[in-house]
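This document opens with one chain alone, in structure tokens, the form predicted alone.
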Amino acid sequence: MKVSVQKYDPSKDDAPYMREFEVEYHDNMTVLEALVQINDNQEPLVFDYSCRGRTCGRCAMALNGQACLACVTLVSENGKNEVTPLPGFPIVRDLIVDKTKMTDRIASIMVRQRAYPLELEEVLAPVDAETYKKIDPLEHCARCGVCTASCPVVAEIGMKNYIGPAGMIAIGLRYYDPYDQGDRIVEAVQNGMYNCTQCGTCDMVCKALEIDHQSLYKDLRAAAQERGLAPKEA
């Protein structure tokens, strides 16, 4: 089986280039397994991974131009296997990209906001079942960036104008969070919620199957509409 991998060392290369490798195929072989085989037996490659099971998000890259998680994406025995870095992010080396701008922004959103301290009874009170059903799926977001790299709106107008699906997941998580006191609806609107076209691409590419992006967006937009924050044309 042939696998082409993009190589790039900015300290010595003028531009990225592709290298083709012959890989011994086995049934249900993943992109990650192919890369490990190449790295261990043929030529060093710079890439990242940890959990091997869609949890850590570190192996985000692209196969044939489509953003994916290498640990759960299968290669084709006889078809095209072109592995490149995650689109839309600066390349550090080979298949490693710099996701700092995205992850730092998400991390700042995830900090709980409080205007006043909670009473002990509020802290100890169990989260009601319906709220838990909203929160639990969003906890599965690995911040891998696959959804943001695949988002056509982010590609067109940039993360400055639309934070992207991963950022909206973070906002939604704190919106549902009963211990958070921030105005997450205003935050969602300010981060370009209404620039989202609700095309569903994020749900199609996300490997955290527990997450229903469209359901979250519906809740956030309904809350914005109720508060008169929705644009007239929305």
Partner chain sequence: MDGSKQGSAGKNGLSRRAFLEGGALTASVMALGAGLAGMAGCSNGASSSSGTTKEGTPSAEVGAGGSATGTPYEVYETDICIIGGGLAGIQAAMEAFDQGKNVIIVEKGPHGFGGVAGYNWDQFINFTRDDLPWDESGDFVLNELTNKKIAKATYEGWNHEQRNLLLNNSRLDNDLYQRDPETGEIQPLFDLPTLYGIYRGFPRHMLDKLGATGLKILDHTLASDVVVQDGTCTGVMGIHIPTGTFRVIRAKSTVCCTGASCWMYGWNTVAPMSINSPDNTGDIDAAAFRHGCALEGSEFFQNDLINIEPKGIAASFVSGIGADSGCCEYICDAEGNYFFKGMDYTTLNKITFTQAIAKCISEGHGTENGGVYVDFSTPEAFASIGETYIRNIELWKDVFGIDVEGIKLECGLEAYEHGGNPVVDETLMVEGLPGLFHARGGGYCGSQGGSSVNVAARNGAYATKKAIEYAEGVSLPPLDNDVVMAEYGRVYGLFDRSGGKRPQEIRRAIQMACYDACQPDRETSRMQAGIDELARIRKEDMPSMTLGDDSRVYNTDWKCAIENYNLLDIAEASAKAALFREETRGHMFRSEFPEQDDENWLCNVIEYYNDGDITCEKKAVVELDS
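Bear in mind the structure is a predicted one, so any value in this text is a computation, not a measurement. Residue numbers count along the first chain shown, from 1.
Form predicted in complex with the partner chain: not shown, discussed below.
Heavy atoms within 4.5 Å of the partner chain in the predicted complex map, among the stretches 186 to 194, 161 to 169, 60 to 68, 32 to 40, onto 32 to 40 alone. Although the partner is absent from this view, Pro117 contacts the partner chain in the predicted complex, with a non-hydrogen atom inside 4.5 angstroms. In the predicted complex, the partner chain lies farther than 4.5 Å from every heavy atom of Gly200.
Of the heavy atoms in Pro178, some are within 4.5 Å of the partner chain in the predicted complex. For Pro152, no non-hydrogen atom is located within 4.5 Å of the partner chain in the predicted complex, even though that partner is not displayed. Contacts between 54 to 76 and the partner chain, taken as any heavy atom within 4.5 Å in the predicted complex, involve Arg54, Thr55, Cys56, Arg58, Cys71, Val72, Leu74.
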